[in-house]
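Shown next as structure tokens: one chain only, the form predicted alone.
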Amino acid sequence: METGSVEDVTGLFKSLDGFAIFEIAVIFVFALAVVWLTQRILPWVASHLHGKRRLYVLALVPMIRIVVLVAALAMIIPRIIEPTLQNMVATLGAAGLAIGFALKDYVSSLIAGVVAIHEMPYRPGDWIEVDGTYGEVTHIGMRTVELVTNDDTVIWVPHLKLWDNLIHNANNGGPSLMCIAEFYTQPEADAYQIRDALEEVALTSPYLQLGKPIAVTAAEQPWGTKYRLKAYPIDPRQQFQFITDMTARGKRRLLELGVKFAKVESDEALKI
């Protein structure tokens, strides 16, 4: 019985000669080279583009990588295993069972990565917030996604974690990202005058994306009035400079108009 089992197992595999090993090595090295070049060349090309074209080029990186890896496996496996239905089912079943027990979380993240590449809830160039962390997606790996925050901190988040958390995508694969500058004034200030002044501040900003709407909203709070100036920068990567510009010039303009700012007594007031 044991001899028959050993023969069944050995019958799954081909006898590898020097040429077969050489072919497998060539396929493996070629696949790695294509993936490496893709991860270097396409981001360089994207850095010289703007708007949707930049985001489309960046989105090609993970897609090309998974296609190349799948194609390489499809070429390597028949050179190792006798390509019969029985052999393939037995081998893949045993491999799946072993991997499922030994590397459950790792494989789950890999599967989540494949699903993420297909569904595209985030792409390279998107600005997303996950579990309180906000940053730009710079790389989508097979297991993790790389975020770079405004403080130039690199954060690696497993794809599996993203399945269990809400994903806030600020630009969703497009070149438009809304920026908001907030101002807090005492309630007796002229709301229409403040609205017009803030709209002018946004309209004269060098970072403004023309053609996109500018909006000013006001909401009364127990301590005064909260104004939110909403506009879009030319490039999502300029969002922090844009917010700073609107805040600094907006504050200066309101002071010129004699507007008095409110004093918020607690952090809870900001959440109202």
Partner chain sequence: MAEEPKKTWQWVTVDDYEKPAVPTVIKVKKWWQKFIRWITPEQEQEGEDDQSNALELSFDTAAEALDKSFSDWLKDDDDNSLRWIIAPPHSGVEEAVNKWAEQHDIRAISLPDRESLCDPDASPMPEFFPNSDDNTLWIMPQLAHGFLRQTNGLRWVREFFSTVLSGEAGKGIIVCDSWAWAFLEKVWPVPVSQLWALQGLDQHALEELGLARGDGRLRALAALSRGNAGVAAAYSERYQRSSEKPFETPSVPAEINDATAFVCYALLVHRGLNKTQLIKVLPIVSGSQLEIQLQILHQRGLIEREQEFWSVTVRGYPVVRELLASRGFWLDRF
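Numbering follows the first chain given and starts at 1. For clarity, every value in this text was computed on a predicted model and none was experimentally measured.
The discussion below concerns the form predicted together with the partner chain, not included here.
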| query | finding |
| --- | --- |
| The partner chain in the model of the complex reached by all of 201, 208 and 253, non-hydrogen atom within 4.5 Å | yes |
| Option from 243-251, 222-230, 64-72, 23-31 whose residues, in the model of the complex, bring a heavy atom within 4.5 Å of the partner chain | 243-251 |
| Contact residue in the model of the complex, from 57, 234, 35, 216 (heavy atom within 4.5 Å of the partner chain) | 234 |
| 4.5 angstroms heavy atom contact with the partner chain in the model of the complex for residue 40 | no |
